[in-house]
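The chain below stands alone and is given in structure tokens; this is the form predicted on its own.
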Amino acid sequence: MIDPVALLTHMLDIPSVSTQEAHLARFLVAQMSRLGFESFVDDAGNAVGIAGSGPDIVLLGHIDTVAGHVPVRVEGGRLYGRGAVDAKGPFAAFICAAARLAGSKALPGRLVLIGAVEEEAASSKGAKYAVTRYNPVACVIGEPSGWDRLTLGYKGRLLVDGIWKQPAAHSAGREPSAAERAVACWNAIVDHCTAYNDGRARLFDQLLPSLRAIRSWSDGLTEQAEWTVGVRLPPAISPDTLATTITGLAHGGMLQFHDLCPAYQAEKNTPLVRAFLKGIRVAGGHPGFVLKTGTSDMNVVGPVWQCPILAYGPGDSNLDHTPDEHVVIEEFLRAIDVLAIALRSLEEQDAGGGGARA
């Protein structure tokens, strides 16, 4: 057997900022191997554990984190540490639930646990590799939803870097400075989003812009300004469409778009959703649904796999990336119960056909 809190504590003790996950991946492979899983680090650097046989059910979490040290400790029934919520906690819950099912020989199929790399880096390297290797009949994404909530959708994303460069001029002149042109473009983007959002009450349906960074400087001969802007996209707007719109608002700047990712919303009436609703109710909860304004690996694998999919995991997503990141231990343990109940109740004939093409 495995001690869930000890496992997650060890995971939190191992730093795994995006692109630096190798140490944690090796640790997880060793732990899953000890539990009887077929375990390995794949060519992308993902930690993979496989148990059972039959149609693939993929449990896809991510083991990388953003930067910033949060001292690992237990206080007031809460376990603190970078990744406790986003998203080592959910992946630890996957491992513990799968181990419980394997021990009772109640596996619903071939469980494929994938601790993916570089989700936070926006490259989604681990998910993009996994999507070419498996063809599951169902997928659970490991992200914080709260133990009694299921996430069915994530907004899309567009990032753009802008540069404005021109000959230096006197500040009393009439020519707009490079900094003013950069700000004018940002303001035009905000105005476009505000106009689009008019009458759309749900955040999931809105364009949500954010100014990620901005700076300007001059060497006396040339002045330059640059910024990075991100926009979260609703399902109705594709990244390419918005990129075309923003290009028309450049105010003389040079724009470079990257990390374009469409929104994705999963079906609500599926055997997978019904299994998790049952799991939450049996564990004493009143289930609900969430649509997130962020982006996850669901956006990568959902459109390709076209199978029942949802995101689930313990933790409050409002604590993602914060200095106060922690998971309530009771919630973490209850999420493991929900996962075990839900996965045990999945019937292969309800999940559909398919299998691995690894």
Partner chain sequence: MNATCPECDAEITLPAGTVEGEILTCPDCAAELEVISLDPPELALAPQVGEDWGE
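Residue numbers count along the first chain shown, from 1. Computed from a predicted structure; not experimentally measured.
A second form of this protein, the form predicted in complex with its partner chain, is not displayed here; the remarks below concern that form.
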item	value
In the model of the complex, the residue from 144, 83, 126, 136 that sits within 4.5 Å of its partner chain by heavy atoms	144
Listed residue (215, 73, 165, 202) with a non-hydrogen atom within 4.5 angstroms of its partner chain in the model of the complex	202
Answer range among 262-270, 233-241, 92-100, 174-182 for contact with its partner chain, defined in the model of the complex as heavy atoms within 4.5 Å	262-270
Residue 294: touches its partner chain in the model of the complex, heavy atom cutoff 4.5 angstroms	yes
Distance check, residue 274 to its partner chain in the model of the complex, heavy atom within 4.5 Å	yes
Residue contact check: residue 318 to its partner chain in the model of the complex, 4.5 Å heavy atom	yes
Heavy atom of residue 287 within 4.5 Å of its partner chain in the model of the complex	yes
Its partner chain in the model of the complex: contacted by all of 149, 154 and 281, heavy atom 4.5 Å	yes
